[in-house]
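The chain below stands alone and is given in structure tokens; this is the form predicted alone.
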């Protein structure tokens, strides 16, 4: 990408949305580009947060590992979203790891540069507050689901969220546009691989979903929404 296209990309990200062109140009001049191959770590849990990125191309998986070694998928990140938000609030360490799901292209800055921009431009600080608020609300919803909902509803909600984030229409239905295993769904839904496999198999028999190798297609979204809301 050239400098002009970088400026246009930055203007569409959640961090710099609404910024004037002169500020976007300043932000672009202070940035660097970096590519990550599928499976490569962008940040690791526990590392000091020294860099902030925005995703240009690709999909990233955010995970946390518990003290007993269990991995939990927190969320997926796609184009326009921020990676390394702990650096925005001067955190001591990354709360989780971020791994490339496929080949990714990111634009980055040092944490000091972004915090300086935030201190001089209230719009960027407001955007940061909006980002952190949105992720906090997302985690509240996930916690409520884990605490109160039956596992089938949790799996349905998880798939519907991923469809909203990264769904693309195909001849078979709405496909989640990145590799997604049944183990991934189990980690996000707070259940076991066996339960996810049994549930998806039952939904496939009803024609609700179509699951291939690391691919999930929602063929009947209204039925899946009914399951999520316990209307089926």
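Computed from a prediction, not measured in an experiment: that's the story for all the values here. Residue numbers count along the first chain shown, from 1.
The same protein also has a form predicted in complex with the DNA, omitted here; what follows describes it.
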query = in the model of the complex, does each residue in the set 75, 161 and 177 place a non-hydrogen atom within 4.5 angstroms of the DNA?
reply = no
query = Does the DNA come within 4.5 Å of any heavy atom of residue 214 in the model of the complex?
reply = yes
query = Would residue 198 sit within 4.5 Å of the DNA in the model of the complex, counting heavy atoms only?
reply = yes
message = So in the model of the complex, is the DNA close enough to residue 190 to count as touching (4.5 Å, heavy atoms)?
response = yes
key: Interface membership of residue 29, the DNA in the model of the complex, 4.5 Å heavy atom rule   = no
query = Just one of 48 to 56, 163 to 171, 31 to 39, 178 to 186 has heavy atoms within 4.5 Å of the DNA in the model of the complex; which?
reply = 178 to 186
remark   = Checking 144, 105, 150, 120 against the DNA in the model of the complex, the residue with a non-hydrogen atom inside 4.5 angstroms turns out to be 150
